[in-house]
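Single chain ahead, by itself, as structure tokens, in the form predicted alone.
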């Protein structure tokens, strides 16, 4: 141990400290900055195509300035509209919400909250980030290739994605999409295996599984979901590469282009749907569980109350994880599946409502009669509970085969998953950034800017995605370039304009966050050791980052992490490192 400590006393040079770092705290920052950069690019894309949807065919100089040839005379080109929608979806789901959220907080918190010096393998951890970065660069590079980037929607269904000659974006751009996603999957698997091994093997003395914060449980289960489901997406992508480049026909059969029959036989695009959604549904929870875990911690700390139903929370996360593997068919009710099978998938889908409701009730009960402290992170965590409820309710409609058929592939679906998955995960991510910013950058964020950021974001987010449900009921299909050719949709065009206005204000609201983030990281007030009076282990480490997290011995754990406002204690919090007194019960471990 002493040799290990001496080895790190000399200053590491810039390259090994910031670029090829194997320290989990630095890797967390790398994931955060890369994820947010991708997120801002994805958000810009949505702002550009919302201009077209809000004011169809109108000329905007800003489009020509940013997009050049993609928007001749300031009007977005229809092919490039599809490309923007596709890459926006890909970036948001995978690069921001999967890698940005899990990569940042799993890396930062797992070693700190379980009492480990670092991840099980620092080298694999570094590789995980580099695969992610490479994959991000390739995805952005695909925007500039001839024919443009992938344009088949973020789900890249064949035959659009399988025939290079199908549409302009099916050429090189599609190939690069597949290369980028393959590297992304490698990054996710390396990270996930590392998280699992670290949590199982490196917990400090006294840190039983039932004393782990719910954040760690969430990351643990998320990593397991990723390790089980991402390889299936990899196989889907691999077979797609074969179909595109080696003339196999896994997904193709009896296809005509411009009246000419192509020599494909025997495949089925439905196979791709099965493989894609077998990842795609667990993916929803790979995105959601970390956000739910972060908000459990933040709500408990800021309500100054123990989390309600600690074991029920763990059980509900396990149940959500398990059920998420047996519901993928609800994305395919329109694919001509056997109605009996549709009924089975309807049943399993509605089953997810039970553990989700358990989580919601536990949050509400934790908030009930709590001594609430409304920090920006608390507002975002409560905002997550709100979007999780309102988005989840519309999921009941989509999960029912008979109801889904009427609104499948309409704006209703877009509104639903943006609220339940997109907003919930992003709110969780913002909550996490405000809460653990002092641990990441040793400084505090500005609260006033935080409040402005929250209110603009939540009002505009609902302003964008709530009206979409009504457009969906009116039958408006998603991914159309414009709707003015269809008289039936004349009544909904004004809603489109309102949505676009909200979207633009929301995008500007994120600039407030960006300014706060950058300014505070460099010039913010110095953070105290435990700014939120929190019980978990990460606040026992020194404010300044050191290699190995703790000087000297790693603290020992004696109790669960949620002893807030405990009767008979002088302070309203009791850190996990404080030994139990005689006759005192450890709440997480007694029945």
Partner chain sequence: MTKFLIIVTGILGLAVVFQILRTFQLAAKLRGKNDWEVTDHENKTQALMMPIFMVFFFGFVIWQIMRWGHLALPEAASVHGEQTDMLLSVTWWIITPVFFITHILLFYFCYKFVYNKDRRADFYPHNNKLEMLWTIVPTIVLTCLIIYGLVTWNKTMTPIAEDTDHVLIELYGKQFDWTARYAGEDMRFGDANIRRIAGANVLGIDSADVNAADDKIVKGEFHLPVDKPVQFVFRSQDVIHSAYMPHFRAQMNCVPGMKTQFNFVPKYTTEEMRQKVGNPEFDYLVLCNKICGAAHYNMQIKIVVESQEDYDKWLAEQATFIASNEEAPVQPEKPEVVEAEAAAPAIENDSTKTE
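Positions refer to the first chain, counted from 1. Because the structure is a prediction, the values reported are computed rather than measured.
We do not show the form predicted in complex with its partner chain, though everything after this point is about it.
Participant: Is residue 451 near its partner chain? Define near as a heavy atom within 4.5 Å, in the predicted bound form.
Facilitator: Yes - in the predicted bound form, heavy atoms of residue 451 and its partner chain come within 4.5 Å of each other.
Participant: Does the 4.5 Å heavy atom contact test between residue 48 and its partner chain in the predicted bound form come out positive?
Facilitator: Output for residue 48 is no: heavy atoms all beyond 4.5 Å of its partner chain.
Participant: Within a 4.5 Å heavy atom cut-off, is residue 59 in contact with its partner chain in the predicted bound form?
Facilitator: Answer no; every heavy atom of residue 59 is more than 4.5 Å from its partner chain in the predicted bound form.
Participant: Can you check whether residue 15 is within 4.5 Å of its partner chain in the predicted bound form, heavy atom basis?
Facilitator: Output for residue 15 is no: heavy atoms all beyond 4.5 Å of its partner chain.
Participant: Could you tell me which stretch in 270-278, 233-241, 132-140, 318-326 has residues with non-hydrogen atoms within 4.5 Å of its partner chain in the predicted bound form?
Facilitator: Among the listed stretches, the partner-contacting one is 270-278.
Participant: Since exactly one of 189, 505, 367, 145 fits, which has a heavy atom within 4.5 Å of its partner chain in the predicted bound form?
Facilitator: If I apply the 4.5 Å criterion carefully, the residue I get is 367.
Participant: By the heavy atom within 4.5 Å rule, which residue out of 509, 89, 122, 475 makes contact with its partner chain in the predicted bound form?
Facilitator: For this set of options, the contacting one is 475.
Participant: For a quick check, can you give me the residues of 548-571 that have a heavy atom within 4.5 Å of its partner chain in the predicted bound form?
Facilitator: Heavy-atom contacts within 4.5 Å come from 560, 562, 563, 564, 565, 566, 567, 569, 570, 571.
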